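Here we start with a single chain on its own, the form predicted on its own, put down as structure tokens.
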């Protein structure tokens, strides 16, 4: 075997191992749940855990195995409809809001379906095949499943929050204590031409490409996300009762949905508590605020005398801070309170809303065929988030990663980092409004 063939064989062996590891991790995330937990759907935007298990399997069966493995026997032809998410070119789909009605197939059958597909995927990764297209699709499927691992946790959290027993996802663990955050530091970034987007080395989703140039004016960005205590100061100052802080659509949404605090926050005896994957806990005033909509993030930024960064400012600042270091060293989802750092910018605790609409980069072209529906068709009425959260799988993030949600969505681990315009010739102004008065007696 030649050196090139040996390297190709080793790469495919590594890919097969990563496939096995990711598939095992998904099932480990579901292990603390009952069969009843796995079947329920708490709202149309969420999906049952059982559906996540099946859909990620459907992805590999539909796009990798069926077109390439001669004689492959599909586990159940009905699954082509039941577990199709949004691929119109594949065919009919079961309505998303009714995924919680699928009491059948039961959980053991779904796990058997996963095992059936796992056995078949090995044939696609045999070294003798040497098919780069297959390897690329398997890589996409692995990253797709990692996205669903995060969705699994966010959907489970929302589901359990609707249960009056307030059950914990798993055995409660003690979160590492956080030190009081320093007053937010502004980091200045000089304006100029920035290279934005993935450079082609390693995996990236299609929406991270093509790499292109963007003109950025001089700006300042906060060294860390906004904390719970700082956000509590916004609430105490009447932030949810002041239309001057809100976009018109945000104010309308706030009134229609009767928002008065971030999702999962509850005030008890004058102190804030929050429902988490560990159950109901005292709110840590020093931890990053999370479960905010774009509207809430934008309103807080206005109140603080700042704004949200654009996704291009965020990426340029993070690249600057990295100084060649790795981005997003992971930790256990939902159990650790340590953060991921990149130079002088603290990142990775919470997805950070940007002011950028989710739109194609110049020159973007969706792939041909059904797989081209993965990202491009959603580039409308959504906003970009950057950074990653405690629910994001280890090793899944990149500085170019573009997450996106509708502006009213807040069941994700989404927060806010501030930015502001600055005249390059002026000194740095005063600290962020609210940073010196978190009122810890009220925020727990």
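Residue numbers count along the first chain shown, from 1. Because the structure is predicted, anything quoted here is derived from the model rather than measured.
Keep in mind that the form predicted together with a further copy of the same chain is missing from the display, and what follows is about it.
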**Request:** Consider residue 104 of the chain shown here, and say whether it contacts a further copy of the same chain in the predicted bound form, taking contact as heavy atoms within 4.5 Å.
**Result:** yes
**Prompt:** Taking heavy atoms and a 4.5 Å cut-off, does residue 301 contact a further copy of the same chain in the predicted bound form?
**Reply:** no
**Asked** Should residue 193 be counted as a contact of a further copy of the same chain in the predicted bound form, where contact means heavy atoms within 4.5 Å?
**Response** yes
**Message:** How about residue 320 - does it come within 4.5 Å of a further copy of the same chain in the predicted bound form, if we only consider non-hydrogen atoms?
**Reply:** no
**Asked** Pick from 236, 88, 126, 266: which residue has any heavy atom within 4.5 angstroms of a further copy of the same chain in the predicted bound form?
**Response** 88
**Request:** Consider the chain as shown here, without its partner, and state which of 282, 256, 199, 217 has a heavy atom within 4.5 Å of a further copy of the same chain in the predicted bound form.
**Result:** 217
**Prompt:** Is a further copy of the same chain close enough to 64, 67 and 409 in the predicted bound form that each of the three has a heavy atom within 4.5 Å of it?
**Reply:** no
**Asked** Where, among 386 to 394, 54 to 62, 36 to 44, 409 to 417, do residues come within 4.5 Å of a further copy of the same chain in the predicted bound form by heavy atom distance?
**Response** 36 to 44
**Request:** At a 4.5 angstroms cut-off on non-hydrogen atoms, which residues of 227 to 257 are near a further copy of the same chain in the predicted bound form? List them in order.
**Result:** 243, 246, 247, 248, 249, 251
